[in-house]
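Okay, here we've got a single chain as structure tokens, the form predicted on its own, with questions on binding and movement later.
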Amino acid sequence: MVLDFLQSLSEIELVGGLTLLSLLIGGIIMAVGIILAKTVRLLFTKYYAPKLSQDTAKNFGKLIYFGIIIISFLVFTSSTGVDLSGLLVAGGIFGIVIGFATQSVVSNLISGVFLMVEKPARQGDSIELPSLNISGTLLDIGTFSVRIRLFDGTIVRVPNESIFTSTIRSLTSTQVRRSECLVGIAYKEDIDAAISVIKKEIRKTMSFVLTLPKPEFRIKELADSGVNIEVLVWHPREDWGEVSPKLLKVVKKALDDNGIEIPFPQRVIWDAKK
């Protein structure tokens, strides 16, 4: 009885040689494909996704799901015997037109895949993009763009292509960081004495500054009004927000407390008539 029913379905032709039976079989294939896609994505999410970053796992889950759906559709069309040659020709022409119109979209998509594979920065890292003048915390890498929370609290969306082709400076990939400041002293002052009092004040008031590597002091420039000294200190990366704003204040206090002059810009005018 079942065979007779299937035989009757095979005799009912809908259009272009497509029978009701082949359409039914194709529908079953698509249904199985959808169920299989959901199952595989669920298994991936349970066993493999926890090993990846959140944004990478999400995008790979989408890729797996829609990949299986596309394969199921191709099997469906081949099982039903539908002639897709005309559709492929039209689709090729349409694809060329769309390709020119969506170059940036495709470029962002491919760049996003490369970013997820290479992983130059991870979710939660503090990064800087010097060419784009952007600094902040990486929130996620999406299919077409990256979201970054700037240090002022606002969130920007940057296309993947711009991120992939830019220099990425990671601010949290190492355990220690260096902060520096520049201060000038008058020409009449003793350079070694100035460095000594600055070093003592840093050791006294900035306990989070590391002793190894020890603070460095470099004579940066013999400027118009004084001698410029560059002060460089190393500290744990978590203390960057404490060290960087405070360092220049500590240096100035050390010089003021010891009567070392920080010069103002000045010029000497020579009168040729005298």
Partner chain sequence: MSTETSESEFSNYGLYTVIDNLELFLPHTEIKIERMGPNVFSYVRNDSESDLVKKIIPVKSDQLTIEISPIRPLNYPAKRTSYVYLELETPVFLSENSAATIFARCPIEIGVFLIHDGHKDSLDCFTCDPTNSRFALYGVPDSGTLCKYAPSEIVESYEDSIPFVNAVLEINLQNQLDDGRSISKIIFPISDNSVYYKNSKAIIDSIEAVLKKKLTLQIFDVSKKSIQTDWTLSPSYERELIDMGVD
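Residue numbers count along the first chain shown, from 1. What you are looking at is a predicted structure, and each value in this text was computed from that prediction instead of being measured.
Omitted here: the form predicted together with the partner chain. The next part is about that form.
**Student:** Quick one: does Glu238 come within 4.5 Å of the partner chain in the model of the complex, counting heavy atoms only?
**Tutor:** Residue-level check for Glu238: yes, a contact with the partner chain.
**Student:** Test of understanding: in the model of the complex, would Arg203 fall inside 4.5 Å of the partner chain by heavy atoms?
**Tutor:** Contact check for Arg203: yes, within 4.5 Å of the partner chain in the model of the complex.
**Student:** Check whether Ala193 has any heavy atom within 4.5 Å of a heavy atom of the partner chain in the model of the complex, and answer yes or no.
**Tutor:** Taking the distances in the model of the complex, the answer for Ala193 is no, it never comes within 4.5 Å of the partner chain.
**Student:** Check Leu210 for me: does it contact the partner chain in the model of the complex (non-hydrogen atoms, 4.5 angstroms)?
**Tutor:** Yes, Leu210 lies within 4.5 Å of the partner chain in the model of the complex.
**Student:** For the chain shown here without its partner, which stretch in 69 to 77, 150 to 158, 168 to 176, 127 to 135 has non-hydrogen atoms within 4.5 angstroms of the partner chain in the model of the complex?
**Tutor:** This holds for exactly one stretch, 168 to 176.
**Student:** Consider the chain as shown here, without its partner, and state which of Trp234, Phe217, Tyr65, Phe44 has a heavy atom within 4.5 Å of the partner chain in the model of the complex.
**Tutor:** The residue in contact is Trp234.
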